[in-house]
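Just the one chain here, laid out as structure tokens, in the form predicted alone.
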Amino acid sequence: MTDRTATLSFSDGSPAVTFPVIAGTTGPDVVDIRTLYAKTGMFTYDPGFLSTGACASQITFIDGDKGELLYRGYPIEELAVHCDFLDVCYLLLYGELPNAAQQKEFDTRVTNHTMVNEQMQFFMRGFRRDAHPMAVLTGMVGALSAFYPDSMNLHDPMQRDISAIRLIGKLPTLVAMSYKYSMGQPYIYPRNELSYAANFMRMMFATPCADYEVNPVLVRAVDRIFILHADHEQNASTSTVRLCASSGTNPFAAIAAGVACLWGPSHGGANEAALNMLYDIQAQGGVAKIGEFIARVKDKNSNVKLMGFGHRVYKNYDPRARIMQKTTHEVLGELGIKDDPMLDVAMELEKIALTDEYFIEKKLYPNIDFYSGITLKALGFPTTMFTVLFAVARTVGWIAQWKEMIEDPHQKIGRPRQLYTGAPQRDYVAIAKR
């Protein structure tokens, strides 16, 4: 709280009202309008929540103008270089990076919860083999509440914590199971001696007749992708988790709601859309045809959209994109992919976006989805799996936000208001007179 206030005046002569201004650690101050309705009988109107702070949080901070992303105050660039994913999970959940003893204990706890109840295999069989992995994951995550009812008391800190560990540990296993099921291959059980990312890749790509050979470069790339996607402030899926959980529902149901929201092509499906765009450009002639593609993007009468560029929050270069660009080249180099036509298209598009006045004026800089799709394709993941990989990474952010909200003494059930534009009150008319 600050000593500053904001005064709202009215042109019709109604009395002005004053509201306190609250300052955060960094970023824009906010006007506390919680008493607006009581004082004026009015609500604010903000579709898409463009200027509304829905909560107070200590987890993640984004400065879109500077292109800055902080997890608990640490720049994403430093965490992606110096930490592994489980270190970042610990940071997001508990507020500080772990020391050596805490790291070992936390890694062991997560590793010991990577297996899922055997009965979930039978639940998996109820889906069609060609079902979208996000449809499967939504159902499977929600079903965890039926298998682990011993950790759903929101008022017990121990139960909240074990639910968090279970979700982080089991999501990669569920995702790998959904992939194996779609391929008609047997499930691969987790191995406790492997790292989080290595375990996931082995469960995805090993078979009973050929084990997966752990490649440190490729495993590190997956681990880095997880770090870069771990949390992103109050985005659509995170807000969905918070709103769902505000009713007091169990954590598995709240995370399932986040998975469902993430499925949208404007959110978690953006990297898949970006890759499909590059496929289309390549099919139409590759680099030689980029000029024509850009012309269609600029044409207001065209329906062509540029995917993987620009961001709702970032008005500068997405800091995650710089890290992802480097990771993409590391993966392609390790796999011996020197001449990738799609990468050539991507690099030319990036060059144009950073130099063309049209893109500079509209601040359409490459975002993380632009590079992550190429990287995941090179690693062998089918495009339908891209969004579920996002869900594996984002689970820890959802859980951290869920825990923070549950532990907030001022937490209330979410209840957005509306501007009603329907019919006014009217009398019922009998059917014979209609």
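Residues carry their position along the shown sequence, with the first being 1. We call the rigid core the largest set of C-alpha positions that still match within 1.5 Å between the two forms. Here the structure is a predicted model, which is why all the values come from computation and not from measurement.
Missing here is the form predicted in complex with a small molecule; even so, the following discussion is about that form.
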note = The stretch from 336-344, 247-255, 218-226, 304-312 that lies within 4.5 Å of the small molecule in the predicted complex, judged by heavy atoms, is 304-312
task = Using the partner position in the predicted complex, report whether Lys362 sits within 4.5 Å of the small molecule, counting heavy atoms only.
result = yes
inquiry  = in the predicted complex, is there a heavy atom of the small molecule that lies within 4.5 Å of any heavy atom of Phe390, even though the partner is absent here?
reply    = yes
key: 4.5 Å heavy atom contact, Gly285 and the small molecule in the predicted complex   = no
ask   = Wondering, does Pro172 line up within 4.5 Å of the small molecule in the predicted complex on heavy atoms?
value = no
note = The one residue among Asn99, Thr108, Thr355, Ser266 placing a heavy atom within 4.5 Å of the small molecule in the predicted complex is Ser266
request  = Have a look at Thr375, Asn367, Gln401, Thr395 for me and say which one sits with a heavy atom within 4.5 Å of the small molecule in the predicted complex.
outcome  = Asn367
ask   = the small molecule in the predicted complex: within 4.5 Å of a heavy atom of each of Leu92, Val136 and Arg166?
value = no
message = Checking Glu357 here: with the core superposed, does its CA move 2 Å or more between this form and the one not shown?
response = yes
ask   = After the core is matched up, is the C-alpha of Ala295 off by 2 Å or more between this form and the one not shown?
value = yes
